[in-house]
Ligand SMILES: NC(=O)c1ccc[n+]([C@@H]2O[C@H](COP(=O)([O-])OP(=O)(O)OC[C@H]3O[C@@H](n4cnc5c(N)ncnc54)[C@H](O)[C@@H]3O)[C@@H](O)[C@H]2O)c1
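Below you'll find only one chain, the form predicted alone, shown as structure tokens.
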Amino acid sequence: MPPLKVCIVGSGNWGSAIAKIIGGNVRKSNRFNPIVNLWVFEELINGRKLTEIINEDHENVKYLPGHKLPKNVVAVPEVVEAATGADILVFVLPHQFISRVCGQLVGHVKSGAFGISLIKGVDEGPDGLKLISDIIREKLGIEVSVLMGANIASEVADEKFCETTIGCTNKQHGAIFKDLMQTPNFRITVVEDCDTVELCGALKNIVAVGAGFCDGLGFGDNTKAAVIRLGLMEMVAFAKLFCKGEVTTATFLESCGVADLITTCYGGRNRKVAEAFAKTGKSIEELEKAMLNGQKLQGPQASAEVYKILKQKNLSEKFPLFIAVYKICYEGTPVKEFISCLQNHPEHL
């Protein structure tokens, strides 16, 4: 069997961190082609193209400064060129862009190729919830697994120990992905509960916005613990309502569940921007531009998509934390009222 060729679709901080891992692993294995294509959205940095900087200096100076990428990771500015001949497509870009990028790839994906999504988000389809992996499957006609976990990109790039979860129903693909991405400090568990793994990655960002509101309002660790617990309860309830397959409660105990929820509520960008929102009164859009160096915030947009789905199903009252985050971010509800969604949560009735 010829070695498998890998293309990473996306090169932000998480895409660059995973490129560092994949680039290192493929050089040590006969299973994979040693050259990894990295699709990079072209930008000018101090007069130089970002692809040129990555290919010559082996560093993504905008999104993952201070970390050298392996020399076998090759930045390519055109997504179709990057993906040509790839057996494995690793999708890791803001979920807002996935439909457009997949549209460009239609008709250019190798027969028999398969993918994995590291994208934390959900979309709204005509029938309600739309998972990002479903969008990729439908547009490209390939099998798609998911990877979600407590994986802050800078810490992964620093090779600090962490765990992650792969949701994959194809055992052969699961073994390949584990070979491709596992390291001594990036440990992977493979489970079959794909939809739940992916939903956890999207919903925890909404909860993290709520945790940031609490920090900005000056509430303590007890309050944040309540946000995490009530948020987890809403995540479980939402998954049981909307997942197509069986929802295994044990999946919420994997890295994709409670671990990712905790780390995001204490260390992620959604918490950080939400805290600033509560303190400054500036809009989410202003703060995103000022604080995130071109990265995108996922929590508020996920709350908007979840809100539309819950309203359509007349289930808003069962998810007060999710609804409060949406209304504060988009409808002008004062942030100080967030505490009331905790005080009156149906979990206490």
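These numbers were taken from a predicted model, which means no experiment stands behind them. Counting begins at 1, following the sequence as shown.
Only in words, not in the display: the form predicted together with the ligand, which the text now covers.
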TODO: Could you tell me if all three of G23, T51 and D179 have a heavy atom no more than 4.5 Å from the ligand in the model of the complex?
DONE: no
Open item on the list: Quick check on H173: any heavy atom within 4.5 Å of the ligand in the model of the complex?
Closed with: no
TODO: Look up in the model of the complex whether K120 has a non-hydrogen atom within 4.5 angstroms of the ligand, and give yes or no.
DONE: yes
Open item on the list: Can you work out whether N33 and the ligand are in contact in the model of the complex, taking contact to mean some heavy atom pair no more than 4.5 Å apart?
Closed with: no
Task: in the model of the complex, Q295 touching the ligand (heavy atom, 4.5 Å) - done: yes
TODO: Would you kindly say which of M235, V92, V73, I136 lies with a heavy atom within 4.5 Å of the ligand in the model of the complex?
DONE: V92
- [ ] With the ligand left out of view, choose which of C102, I152, V79, A259 has a non-hydrogen atom within 4.5 angstroms of it in the model of the complex.
- [x] I152
- [ ] Report the stretch among 226-234, 112-120, 239-247, 211-219 that approaches the ligand in the model of the complex to within 4.5 Å, counting heavy atoms only.
- [x] 112-120
Open item on the list: Heavy atom within 4.5 Å of the ligand in the model of the complex: which residues of 21-54 meet that condition, in order?
Closed with: W39, F41, E43
